[in-house]
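Take a look at this single chain in structure tokens; it is the form predicted alone.
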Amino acid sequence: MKQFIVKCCKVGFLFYLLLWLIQIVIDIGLRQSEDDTYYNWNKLYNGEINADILFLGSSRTLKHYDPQIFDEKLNVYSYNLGSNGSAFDIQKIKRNAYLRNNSKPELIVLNVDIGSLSKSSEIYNKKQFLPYYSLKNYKDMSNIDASVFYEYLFPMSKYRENFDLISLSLKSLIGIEEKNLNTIKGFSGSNQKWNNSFENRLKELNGKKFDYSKFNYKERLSFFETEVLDINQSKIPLLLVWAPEYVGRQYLESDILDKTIRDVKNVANKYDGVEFIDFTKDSICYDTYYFYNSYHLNKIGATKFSNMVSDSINKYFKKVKKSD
């Protein structure tokens, strides 16, 4: 019986090692992939970005800040690391990975809004993180998603519902992957015109505003300030920008919007090298021509907005140079 148990343990251990080996191969394939999900992550982890100006944030960064405009107007190399569904707690994972593998930027532009302050209940588009699980990001990942603990412990469990990724990895490894890239320097502009999602939302709300009664405002503002302090302690100048929102949406957020803008400004004023620019009162917020929904600018709006932020950064750089 003893020999049988020992034999089972040996077989189990060998199977465990085999799963680790398979997982490492799948990880390597995805880390070479040029699929849109992994392209920018791979550049980030390979230390191939090294931007002068780095844009961080959620989909409102991804859709609003066009690095090509900033590069041309400011004669810099900029990059957009915004991603869909990313509140500040998820953005932290990407920012820390960037700073571990790339040189410090001359300026970080962090988009701020109520959505980014929210606490993530899940890791949105979790598959983007799978090839890069490590002890360095374990704490931040597991704080959001408890299943990450088991995925770190049991090899291949993280790919249990992602057979498409296994296929993508193998195609990447043998060189038959089709390039699927929808971003330019991380920016993903939208050619959509104003759609009806806002009007539909108004019907659903039936005269009510957005409900923030379950929003732990104090805790989330504290988390945000911790993030600002973390960047500030890295000696990286930080520009907090509240990008335009359609004025109709601002009305729905009005229970906490002004208070949040005021508190963000107060946080910025606490630290040297941190400034805040608010575009919620700009005329662009009153014209649906520049939006495809109430929260996101289309490509026309993003071009206009990127030019506006470029001018603000130019003034910021001149101010810093003058103070030196």
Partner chain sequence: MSIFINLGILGFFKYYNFFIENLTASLNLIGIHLNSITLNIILPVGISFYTFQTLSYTIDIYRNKMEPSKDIISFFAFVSFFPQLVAGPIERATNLLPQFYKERVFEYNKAVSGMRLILWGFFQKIVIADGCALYVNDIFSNYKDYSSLTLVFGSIMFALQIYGDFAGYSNIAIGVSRLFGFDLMKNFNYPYFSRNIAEFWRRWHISLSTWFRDYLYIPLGGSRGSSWSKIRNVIIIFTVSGFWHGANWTFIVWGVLNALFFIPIMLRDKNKKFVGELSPDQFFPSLKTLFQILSTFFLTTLAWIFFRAQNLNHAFGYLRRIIVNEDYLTLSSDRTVNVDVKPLIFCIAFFFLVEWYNRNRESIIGGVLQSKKYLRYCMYFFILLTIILSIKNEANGFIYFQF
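Numbering follows the first chain given and starts at 1. Predicted model only: the values in this text are computed from it and were never measured.
This protein has a second form, the form predicted together with its partner chain, left out of what is shown; the following refers to that one.
Note that among 249-257, 99-107, 198-206, 154-162, the stretch whose heavy atoms approach its partner chain to within 4.5 Å in the model of the complex is 154-162.
Interface residue remark: L18 is counted as part of the site for its partner chain in the model of the complex, having a heavy atom within 4.5 Å. Proximity of I24 to its partner chain in the model of the complex: non-hydrogen atoms within 4.5 Å are absent; the residue sits far from the partner.
Heavy atoms of I184 never reach within 4.5 Å of its partner chain in the model of the complex, leaving it off the interface. Using a 4.5 angstroms limit between non-hydrogen atoms, I166 touches its partner chain in the model of the complex. Counting a residue when any of its non-hydrogen atoms is within 4.5 Å of its partner chain in the model of the complex, there are no hits in 64-85.
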